[in-house]
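As a starting point, one isolated chain is supplied in structure tokens, in the form predicted alone.
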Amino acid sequence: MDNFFIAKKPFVTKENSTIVKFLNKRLGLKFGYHIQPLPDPQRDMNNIEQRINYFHLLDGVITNKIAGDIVELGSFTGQCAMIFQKVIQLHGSDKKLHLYDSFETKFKIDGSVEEVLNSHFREAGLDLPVIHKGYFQATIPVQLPEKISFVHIDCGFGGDVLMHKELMLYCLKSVYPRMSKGAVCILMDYYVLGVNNLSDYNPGVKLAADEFLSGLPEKIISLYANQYSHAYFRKLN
């Protein structure tokens, strides 16, 4: 099994400029440097560092036979979900991938966001995930799997911080009781001041996670993600 796929699609950011390609070739030959385009946060939902983290965390969950399915809260066009499904299929696992999203936020996407997600999966030769379309308050209470081994929460808000904090708390309170012992929960946009490279886009994530875990045995572990930020915790009981 390999993870070379993490450096391939579905990235949007690429060397699409002739001058950038020329400079990279010259810099690489002479100085060993390379111009790295910044990701577009409205289309590139993850970077290589995050993809590596996703691979190893989910690989560990499946290898250690942690009970339950895979859940993602906030999927957009499926850039993270594709990685999860790829790892599932590399293992030949019978775990199901459940995606929850309203699919109303379009950013720079024309047409149906849900159809773009499905087309990404089909183009990559991946089995389609189980889609739970709608707002979390309607889908999560009745449509979460009984057991969860791995959950990725990425419900970026960009609005009122306290409203986002409450949404994150709702997500955490919903998934935590269903997480098996050893299950992993990844929190997109968990930002640590002075550690992450860019601004804190969604401060409600850290506010919610720190409050939720304050009375629990689990501890949050911040992960290096270059231009982005995220963290995870592992269910202990």
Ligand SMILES: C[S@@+](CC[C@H](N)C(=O)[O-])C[C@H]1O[C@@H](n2cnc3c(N)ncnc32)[C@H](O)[C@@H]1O
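All residue numbers refer to positions in the sequence shown, first residue = 1. Everything numeric in this text was worked out from a predicted model, so none of it was measured.
Keep in mind the form predicted together with this ligand is missing from the figure; the text below concerns it.
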Inset, instruction - Within 4.5 Å of this ligand in the predicted bound form, counting heavy atoms only, one of 122-130, 90-98, 70-78, 142-150 shows up; tell me which. - result: 70-78
Inset, instruction - Have a look at Asp160, Glu166, Glu104, Glu115 for me and say which one sits with a heavy atom within 4.5 Å of this ligand in the predicted bound form. - result: Glu104
Legend entry - 4.5 Å heavy atom contact with this ligand in the predicted bound form for all of Gly134, Gln137 and Asp154: yes
Inset, instruction - Answer yes if any heavy atom of Met45 is within 4.5 Å of a heavy atom of this ligand in the predicted bound form; otherwise answer no. - result: yes
